[in-house]
Structure formats: structure tokens, C-alpha cells
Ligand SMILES: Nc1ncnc2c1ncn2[C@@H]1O[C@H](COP(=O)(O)OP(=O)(O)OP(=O)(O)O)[C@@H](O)[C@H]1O
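We begin with a single chain expressed as C-alpha cells, specifically the form predicted alone.
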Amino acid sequence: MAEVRLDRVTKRYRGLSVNALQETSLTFKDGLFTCVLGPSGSGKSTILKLLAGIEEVTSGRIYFDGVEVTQVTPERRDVAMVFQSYALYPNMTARDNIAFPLQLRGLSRRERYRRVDEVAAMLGIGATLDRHPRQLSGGERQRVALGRAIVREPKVFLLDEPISNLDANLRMQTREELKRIHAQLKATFIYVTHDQDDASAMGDEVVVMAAGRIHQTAPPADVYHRPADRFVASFLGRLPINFVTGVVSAESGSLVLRTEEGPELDLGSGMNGFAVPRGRVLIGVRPEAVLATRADVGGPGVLGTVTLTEVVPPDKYVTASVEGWSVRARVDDADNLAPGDAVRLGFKLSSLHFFDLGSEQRLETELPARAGELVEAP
């Protein structure tokens, strides 16, 4: 196992006017499964190549277990990399593909194949060892590539979207297998992906990136429920988050949001420990946290008109127009709404995220507990 640390590392490729990786300091904790998540061009694969030694840093230093490896060649870094394309040797059997790193180390044929059989049993690919890559399915090729990494017994595994080419069901199975293998090996896994489902399912920690910069590092649940800024809030989620600009004020025991888009939202009484943000703020609310019901049902909320319906299994959603503001909301299973229907949208204070309009950074709206005082959970 190894702790991996980037200390003020930057990377600029020749011919480009901006850094592919802005000055970055980041620690990948020893033995954790860390997912680096971001869109194309975010710098996540650049980090992987710098750690592997495939690319050289422009500035900064890289440490493995406190030992600087910035100038250490790839073969001496004790890392194994699994690529999206698998990069198997087509003229070798699966057995020899897995055994190849051990051959380079000079191990005997008998010892190489003994180790391969152990890894193949772990991955469930014993029956495929005598086949060539062209005779294997995508999932089998992925397992062979992973086996070639495991057989080296490295301290650090670097995985560059190795399951992105698999179909949905196989991806789910492979996520489970990767987590099982990680738990068994207890090594440091650094997994690059653009898929938030991969990151949420596998990551002990998630590093969210965009434009060569880290926006947030936290466990998956925190990244989703407490996004550090507008980008993280908008990038995470199966459906786009709803944003609105407005002012929150406390009036007659209730909190009211007056939006610049038009509607006024009654958020109910303030939660214990809630600090009302001052001035104009950007508010985000995820579609699954807004409930759409038929307007004639009554109750709190704002009225709108359905413009679009969609199903994101297992839930149903509508897009509703509220005085010109377009809002996505979840629909109760019993309702069968259609475009043109009048709906009532219910919002809860606990489901809102507040961001500074200028910096787009998260505004903390929970008052810290004083010594000896308990703050009730919302």
C-alpha cells in the first residue's frame, strides 16, 4: 500500500496556451479507492499519466509514501495501469498476457503460471486463459487486463476508465468485482472516470475536477449532498439541478424566497441552527427534492404548468413553467401528469443549496454548535 501525494503539480502540453493541470496539491490516501471524476478535458487522465511517469510534470513534485518520485522512471514506481483500451498483446493468450510482467522480472515459467492461475481464480477467468484476445468478450478482455495489473502486486493501481466500454449490466457487475478485489488486495486504487455512477458506486473518496482544477474532494455522499460550488452541484445528479437567483428573508416565523425569475416560495419555518444567507444568492434544488402534485390537491407550494414529462427509472419527472422559471420535479407514483396540466410544486428548506453569486462557492447556512449545546438534525 502507498500514500500518493501531488505537491503544487502543474502540467502544460507543448503548443497549448493554458495548463492542462492547474497548480494542484492532492493526497490519495493509503489503501483507499479514490475516483477522479470530471468531464473531458478536466485534467483527470493527466493526473494518472503523471503518477505513472508516462508524462513529466511541468512543475511541482510527486511523492509515494513520502519519497519523491518526480524524476523516477515508470518501471521503478511500483504502479500498475489499466487502460480503457485494455492494451492486450493480440498474439499472446490470455495466460501469457497476464504473465508478461512476471516474465520481464525473470520469474520461471512454472512460477509465472502458478501466479496467473491464482489471479485468474480471483477474477473468475480460469476457463479463458488459453484463448487469444480476439476470442474474448469485452468483459473478459477487461478482466485479463486487470489480471495483468494484479499479478505484479503493485502498491498503486491506476485505472483509466477500464469499464466504460462495457454494457450497463456488465458495468454494474464489474464495479462490484473491483470493490471486492480492492478489499482483498488492500492496495491504493486511483480510478479515473467521467461517469458519476462509477464514482458513487466504487469510490471511498471522490475528486471532482474541471478545466484542470480540483473543485471538491470528499466521500461520494458529501459530494452529492453538500456540493462545494455550482459546478459540482450541476455536474452531479441524474437530472440537471434547478437554479434560481433570489433573496431569503424571515417573515412572521416563516422563511420566504423571493426569486428574480418571478415566483415567491414559502419555505416554512426555519430549521434549528439555520443561518439565513444575506443578500442575493444563487439557490440550487435537485429535481428529486421537488414534489409535483396536481394543483387541485391543495397545500403549500407554487403553481405551475407542465411542459414536459419524462421517466428516469424508477421515478417519473415533469418540467413545469412557474412564471417563466422552468423547474424539473419528481411526480408521485399515483399521479399521471401530462403537458398542459396545472401542478403545485413543493419545496423544502432542507433540500436547498445556497451559493455565492460572485464566486459560486457554497454558502454554509448551518450555525456551528456552541460548547455544550446540541444542534438538532433537520
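In this text the structure is predicted, and so the values were computed from the model without any measurement. Note that residue numbering begins at 1 and tracks the sequence as displayed.
Omitted from view is the form predicted in complex with this ligand, to which the following refers.
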property: Contact flag, residue 341 vs this ligand in the predicted complex, heavy atom cut 4.5 Å; result: no
property: Exercise: residue 353 in contact with this ligand in the predicted complex, heavy atom 4.5 Å; result: no
property: Distance check, residue 319 to this ligand in the predicted complex, heavy atom within 4.5 Å; result: no
property: Contact flag, residue 46 vs this ligand in the predicted complex, heavy atom cut 4.5 Å; result: yes
property: Stretch from 325-333, 22-30, 35-43, 309-317 whose residues place a heavy atom within 4.5 Å of this ligand in the predicted complex; result: 35-43
property: Neighbours of this ligand in the predicted complex among 98-119 [non-hydrogen atom within 4.5 angstroms]; result: none
